[in-house]
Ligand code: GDG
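Encoded as structure tokens, the following chain is the form predicted on its own, with no partner shown.
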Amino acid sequence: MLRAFIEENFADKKLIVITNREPYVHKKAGSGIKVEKPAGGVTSALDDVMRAVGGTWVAWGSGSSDREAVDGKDCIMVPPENPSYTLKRVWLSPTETDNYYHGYSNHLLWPLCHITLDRVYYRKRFWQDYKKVNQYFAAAVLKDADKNSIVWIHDFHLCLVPKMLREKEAGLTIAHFWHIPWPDWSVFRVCPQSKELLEGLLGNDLIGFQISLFVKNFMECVKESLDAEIDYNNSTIAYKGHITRLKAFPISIDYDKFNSMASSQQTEKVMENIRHKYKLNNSFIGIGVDRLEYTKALIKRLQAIDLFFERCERFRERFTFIQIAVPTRMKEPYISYKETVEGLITKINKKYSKGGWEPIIYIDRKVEHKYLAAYYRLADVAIISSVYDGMNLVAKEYAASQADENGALILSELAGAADELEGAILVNPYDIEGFSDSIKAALTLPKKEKAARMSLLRRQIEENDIFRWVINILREMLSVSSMKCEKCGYLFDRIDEIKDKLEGKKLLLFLDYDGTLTPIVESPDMAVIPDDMRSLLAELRRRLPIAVISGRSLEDIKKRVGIEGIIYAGNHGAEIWDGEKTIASQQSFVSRDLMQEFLNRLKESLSPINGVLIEDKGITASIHYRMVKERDLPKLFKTFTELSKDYKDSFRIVIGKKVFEIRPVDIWDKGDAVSWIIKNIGNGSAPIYIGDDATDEDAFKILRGKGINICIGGNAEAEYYLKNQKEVKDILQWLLKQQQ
């Protein structure tokens, strides 16, 4: 699926990925050199992308033999067994590494974004080298980039790179994925360089965050720090003439990999060995897998386990918790944290151990995925206790490895995964008593309920794996890139060009309704045209013909606009009113009974999902899901897709902004309506079309080269774009002035 998407969409694009960590490391091994591939789902997925695209990956060369492996341009083709793309290395001195990586990134940004402010430590030299290293990365990219390049930056180490690239090469498409949390303004204001970091990130065309809360937090920080225009409905920020889109892309794992590993015969043998080694044959088993990192709240977890054994004596000698803690960043404060964790484990084991049984087994080393899958499958309960987390992929790895569906997931409500994973037992890691109770609840869940919860968890992760995450981001990046191409320019940058095109011509203005004349709102009933916009339209109507084309029913759109003399087209153009009467009403071979059957099945199947609104418009129908919670979207999409297959020969499905449009395959679309109106009412006129959605693409295609196509937010089929819905009023006022 990923390869097919890339082959179809990246034929004429050059992808440049930028990360702090490199995908392949060259290390000294005796008298030779060995190549290591760092573990990690994201790194593996990006490696798959780059193998297919054949672009460039820019990263810090940290291996002991990295310099020996590269050519004169600091590049090497990778992977070694099948060279497919270029790895370009950036070099850092030990001092720069200490200040940029250990200093600014890990002593300031990491604790700041994870809201552990007592651990924030700042020195001026940290910032100086952070800026310097970001310049190194930007310079490395600019040597290879051209106007067709798409640059994909990752994480908090490289906040300043987007602005640096934008200043040197404005035509680049630049996207950034922020893997860790983004805090609210009351926390972020602690950063001495808050304004500089935000300005750096606003050099991006697109910023991806893990969950919607982090998008909201980022917008609030910009609001408090910079003189920027923020569109909360469309999640865009306009700053110094540049627009940045914000969007949540919850990251995931390779579900098939973990599920396959966990289901293999080899894993069953490993499970037997683990049981035998630690004498676990008659025990309930718990698992925790973490980097030895204070944000994972291992101390809180251990305190809850301690209280659990204190209050639930019957589980002593019957429950064993395995804590795998991988050492990381072995400098302060991590050395002290490691000592505290290990001291607490020793204390708990001393307090409750009996007859050769210890409550906690501690493994302080990295465990390979093929063995980790065995620990996951073996465990009756997994505990994720983060005090704050961007996502936490361990929660997803555990569920994907639960091939028998016998386990339960205890998940901190402060981890990003809690917004997405329905079926987990959520805990507040600061509530030690409640945390302790949750361990007992997980171990005593009825088998049927446990299986139902785990089945739901696994289905969610399978449907939204790491490859879908990559595709979703790449698709959004391509959309942004299409707006930046020469075909689609910002309208107010080309206003003189438009004026010349329209000079001396009779005009015919076409307007969409939702998202164009009104802002996008949660419910269609709430979309009311503002009084000043209605007055402006009425004034324009006295000077030129206007047609409003909407997906709403004809009667609904006439009532909502309420201006006489306007041409109205409802149901995406299937019904047309010329100002006095209905002059076109499309009939379909698809029976009304079939549409009703489809909608009845949708109502029944989607009824368990809160926030779904089914709008029956007679000829067509809309399924609105703007109010559906993010964690319910996978279930919605799967249910709708499965049902739609039964009607694929009769209905066309168009995906708009938080809506599925259902239309008979032989019914007119907006392009057909525009053609009919021009031919029968506005023959000889120069058409101007303003819309905002996928349903407007049919009109854009019809009018390309024949008039002025304007899309709010941009579209590959349009010639011009507006930054947001508010600018529709500006262009209508400009048109009115031209007619006076």
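All of these numbers come straight from a predicted model, not from anything done at the bench. Numbers follow the displayed sequence, beginning with 1.
The following text describes the form predicted in complex with this ligand, which does not appear among the structures shown.
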* Where does this ligand sit in the model of the complex: which of 361-369, 568-576, 191-199, 126-134, heavy atoms within 4.5 Å? -> 361-369
* Go through 429, 162, 286, 390 and name the one with a heavy atom inside 4.5 Å of this ligand in the model of the complex. => 390
* Though this ligand is not shown, can you say which of 210, 173, 99, 620 has a heavy atom within 4.5 Å of it in the model of the complex? -> 210
* **Any non-hydrogen atom of residue 321 within 4.5 angstroms of this ligand in the model of the complex** => no
* **this ligand contact in the model of the complex: residue 42, any heavy atom under 4.5 Å** => yes
* **Contact label in the model of the complex: residue 296 to this ligand, heavy atom within 4.5 Å** => yes
* 4.5 Å heavy atom contact, residue 182 and this ligand in the model of the complex -> no
* Even though the chain is shown alone, can you say which residues of 325-357 have a heavy atom within 4.5 Å of this ligand in the model of the complex? -> 326
